[in-house]
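Heads up, the chain below is alone and in the form predicted alone; it's given as C-alpha cells.
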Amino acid sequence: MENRNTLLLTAMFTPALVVFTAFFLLPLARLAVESSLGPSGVGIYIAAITTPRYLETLGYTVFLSASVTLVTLVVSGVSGVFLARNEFRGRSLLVSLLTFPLAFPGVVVGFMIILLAGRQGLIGDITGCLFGAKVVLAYSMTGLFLGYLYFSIPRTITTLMASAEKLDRSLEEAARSLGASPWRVTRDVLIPALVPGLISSGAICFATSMGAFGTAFTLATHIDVLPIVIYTEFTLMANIAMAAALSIFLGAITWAALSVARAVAGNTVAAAG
C-alpha cells in the first residue's frame, strides 16, 4: 500500500517537476552562466549596481511600478467594493468593460495611449485648439504610467471584488450601531479586512509592472526602464553578460516583492482569524 501511494505521488508530481525544471530552473541556470562568461566574470553584478545608468534605470522602474501599484489599489479598491456591494442595471456590462483590457497585449495598450496622448492624439488635438500648443504625454513617464495603469486595474479589480464579496457586513453594522462614522467604519473595519487582498493583488501588480515590456517598448522613447535596457544590452550592444545579470536582478526584485507580500498577507489572515 505504501509503495502504491509513493508511485501515485510520483506520478502526480513528475509533470509539475518537469515543467518547473524546463521553464524555470534551466533558464535561470543559463542566465547565471551567461552572466559570468563576460570579461568581468562575476564582477558584472557589481558593475550592474554601481553603474549610474543602470542604477538610474532601476530607480525609474521601481518608482514607476510602485506608483502604478498605489494608484491601482486605490482605484480598484473603491471600484471593487462598490461593484461587489451594489446591484444596478448595467452592472455586468460595466464589469465586463472594466476587465476588457485584459484581452489586449502590451503593444496594443501602448498604441492606445499614443492615440490618446501622442503627437496626433486626442489630448494633443484638444490642447492645441484651446491653448495653441499640443500637450504630448505618451512618450514620457506620464504616458508609461497611464499605460501600466490601464492594464493593471483590470487585473486587480477582479481580485478585490472577490475579497469584498467575502467580507462579513455584520462587523460594519456593529461599528455603525456603536456610533462610528462612515469614515471610521471604512478605516477601522473595511480596509483592515481587505488588507490580505490588497497586499496580494498589489504584489502581483508591482511584479507585472516591473517586468512589462510591450507597453514600455511602444512608449519609452525618452526614458529607460529595466526591461528595455535588458533588451537593448542584448540586441543592440551584444552585451549578453550584462543583460543576463540585469535579468537576474529584475527577477530577484519581483520575487522578493511577491515573497514579502505572501508572508505579510498570510500573517494578516492568521491574525484576523
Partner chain sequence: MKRRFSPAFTAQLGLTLAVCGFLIVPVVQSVVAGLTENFMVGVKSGLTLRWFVKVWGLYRETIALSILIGLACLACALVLGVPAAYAMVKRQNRLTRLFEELLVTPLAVPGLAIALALIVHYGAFTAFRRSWAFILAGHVIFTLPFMVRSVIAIMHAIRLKDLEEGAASLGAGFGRRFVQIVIPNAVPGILAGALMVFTLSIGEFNLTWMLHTPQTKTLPVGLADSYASMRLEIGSAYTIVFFLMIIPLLVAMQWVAKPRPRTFVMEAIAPATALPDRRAVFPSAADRSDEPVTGSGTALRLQGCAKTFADGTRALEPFDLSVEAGETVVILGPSGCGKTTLLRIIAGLESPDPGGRVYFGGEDVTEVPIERRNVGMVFQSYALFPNMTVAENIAYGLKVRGVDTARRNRRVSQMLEMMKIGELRNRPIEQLSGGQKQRVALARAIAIRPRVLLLDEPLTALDAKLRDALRVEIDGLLRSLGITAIYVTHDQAEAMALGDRIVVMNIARVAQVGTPREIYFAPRTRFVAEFIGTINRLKGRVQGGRLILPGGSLPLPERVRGPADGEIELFFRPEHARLVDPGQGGLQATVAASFFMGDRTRLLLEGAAEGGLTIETAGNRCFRKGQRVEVVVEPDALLRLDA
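Fair warning: this is a prediction, and the values are worked out from it, not measured in the lab. Positions refer to the first chain, counted from 1. Only the largest set of C-alpha atoms that superpose within 1.5 Å between the two forms is called the rigid core.
Heads up, the form predicted in complex with its partner chain isn't pictured, but that's what we're talking about next.
Novice: Decide whether residue 48 counts as a contact residue for its partner chain in the predicted bound form under a heavy atom distance cut-off of 4.5 Å.
Specialist: It does not: once its partner chain is placed as it appears in the predicted bound form, residue 48 has no heavy atom within 4.5 Å of it.
Novice: Any of the heavy atoms of residue 44 lying within 4.5 Å of its partner chain in the predicted bound form?
Specialist: No, residue 44 sits far enough from its partner chain in the predicted bound form that none of its heavy atoms falls within 4.5 Å.
Novice: Can any non-hydrogen atom of residue 64 be found within 4.5 angstroms of its partner chain in the predicted bound form?
Specialist: Heavy-atom contact with its partner chain at 4.5 Å: absent for residue 64.
Novice: With a cut-off of 4.5 Å between heavy atoms, is residue 163 one of the residues that contacts its partner chain in the predicted bound form?
Specialist: Residue 163 lies outside the contact set for its partner chain.
Novice: Between the options 195, 185, 75, 141, which residue brings a heavy atom to within 4.5 Å of its partner chain in the predicted bound form?
Specialist: Filtering the options by heavy-atom distance leaves 75.
Novice: Establish, in the predicted bound form, whether 59, 136 and 202 all lie within 4.5 Å of its partner chain, using non-hydrogen atoms for the distance.
Specialist: Zero of three within 4.5 Å in the predicted bound form.
Novice: Listed by sequence position, which residues of 125-156 have a non-hydrogen atom within 4.5 angstroms of its partner chain in the predicted bound form?
Specialist: If the 4.5 Å heavy-atom criterion is applied to its partner chain in the predicted bound form, 125-156 yields 146, 149, 150, 153, 154.
Novice: Spell out whether the Cα of residue 13 moves at least 2 Å between the shown form and the other one when the two forms are superposed on their rigid core.
Specialist: Comparing forms between the shown form and the other one, the residue 13 CA shifts at least 2 Å.
Novice: Rigid core fitted, is the C-alpha displacement of residue 22 between the shown form and the other one 2 Å or more?
Specialist: True for residue 22: a C-alpha shift of 2 Å or more.
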